[in-house]
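Take a look at this one chain, the form predicted on its own, written out in structure tokens.
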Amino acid sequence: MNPILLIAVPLLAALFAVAFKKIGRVLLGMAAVFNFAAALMITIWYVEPQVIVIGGFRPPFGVSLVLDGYSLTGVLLLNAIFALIMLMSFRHTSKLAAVLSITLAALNGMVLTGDLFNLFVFMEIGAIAAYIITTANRDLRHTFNYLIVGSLGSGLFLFGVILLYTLFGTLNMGDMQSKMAASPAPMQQALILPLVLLFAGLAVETKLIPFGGWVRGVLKDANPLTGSLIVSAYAFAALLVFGRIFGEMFVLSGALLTAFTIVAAATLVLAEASAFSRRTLRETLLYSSIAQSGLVVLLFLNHMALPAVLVLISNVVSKLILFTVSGQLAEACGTDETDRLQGAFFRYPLLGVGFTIAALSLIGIPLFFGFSAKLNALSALFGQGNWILPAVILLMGVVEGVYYIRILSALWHAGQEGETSAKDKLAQFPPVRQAVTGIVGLVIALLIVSAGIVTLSSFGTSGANDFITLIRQSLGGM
């Protein structure tokens, strides 16, 4: 099974979807299923890290795909997430089948490529597809804003790549990393400008403040397909790319690391504060998504790839359910204001169970996957002797817990505050197609709980004791 098929098959499906529009959705579904099955087989077969040569030119020349634990985990989860999005929002794909197939190819290319210029090409293809997808919201002002900001970010990223090519004479990531390790000290100073440009370019797609100003306009009224696609599939691929570049290729230190860390920490704090102040589901969730992106970037910058990936997986899987359910409620009820949806989960229990477990996992309740992910992240930070960032993360975790509990209380409580919840106090909610989303949500909820138990048990009792010890040592060194 050649991994190039993960890119080639969706592109072929897009070509046929343009020619045969009536079966476009069928072709999209077939491509999504094929890619998930292929990613699963590739993950099983490619045990050792490998470089797949394309076109007969071996690295550092020509195009190559990198298969290691990082990219294999990425493509497996990416294609699983994409297939689930298509399953739950299939009726929204009728006019976007070709674009969504191209999206699938671009996101796989971003995760697999071993070349910086090809990374830029795949990012551009994915971005253009995203601009088209967001037109489904019917407010083209926000799509235009996204287009302008995204184009600026792409230009900055490309300029950074050009400067790196000028410095090292290569675009292959592995070759560039080797040359950087052998470069003299003055060369390290010359890296500051291209790294700033790469960071700014990626910050647009990873939604870091202030580069993520496009997010609210695009997602606050997003349908289930657009919302879940942007905050799950796109965010997953973009953050994996960020981790590849700033968590593996470049070892940041000094003022540059401090500046980037401040941007990521500010994103976490400001976005959580914004989420806390909102009273509509999708706005709350979009700011929560921005905050989690800040946390993942924070961990990647501090060279904590495993905790960062765990937090990233927890976020995108949970947001997949949360955004899909919120979008369906908004479509059916004409609003996603929390106060006007009181008791909605009495009416739609299948949606409510999946939504609730996903939210509790994000909060970090024990035995859920989100708890294990955050525990690993905090343990790793304390292991570095860092106590400021864990304190910020824990404080923001409390803020996050408050607004998610507030949402869950409203959606499960039929009646006004201070009244006993009862079905006869329910508002008249219209019927919602909850079977597919509800069943998928329940399956994902079971996986969240199972993964939480497994990762927590692997962390171990001794790990928990070490975690407490690290907290005490760090506080003692204040």
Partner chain sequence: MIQYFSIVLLLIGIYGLLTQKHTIRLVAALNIFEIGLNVFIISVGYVRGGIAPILTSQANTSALLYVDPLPQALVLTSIVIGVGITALALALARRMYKTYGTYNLDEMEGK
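Numbering follows the first chain given and starts at 1. This one's a predicted model, so the numbers in the text were calculated from it and none came from an experiment.
There is also a form predicted together with the partner chain; it is not shown, and the following applies to it.
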| property | result |
| --- | --- |
| Non-hydrogen atom within 4.5 Å of the partner chain in the model of the complex for each of 302, 306 and 312 | no |
| Partner-facing stretch of 247-255, 370-378, 119-127, 262-270, counted where any non-hydrogen atom is within 4.5 angstroms of the partner chain in the model of the complex | 119-127 |
| The single option of 408, 156, 389, 202 touching the partner chain in the model of the complex, heavy atom within 4.5 Å | 156 |
| Interface residue in the model of the complex among 335, 183, 73, 135, criterion: non-hydrogen atom within 4.5 angstroms of the partner chain | 135 |
| Partner proximity in the model of the complex: residue 166 to the partner chain, non-hydrogen atom cutoff 4.5 Å | yes |
| Contact of residue 350 with the partner chain in the model of the complex (heavy atom, 4.5 Å) | no |
| Residue 143 within 4.5 Å of the partner chain in the model of the complex, heavy atoms | yes |
| Close approach of residue 398 to the partner chain in the model of the complex, 4.5 Å, heavy atom | no |
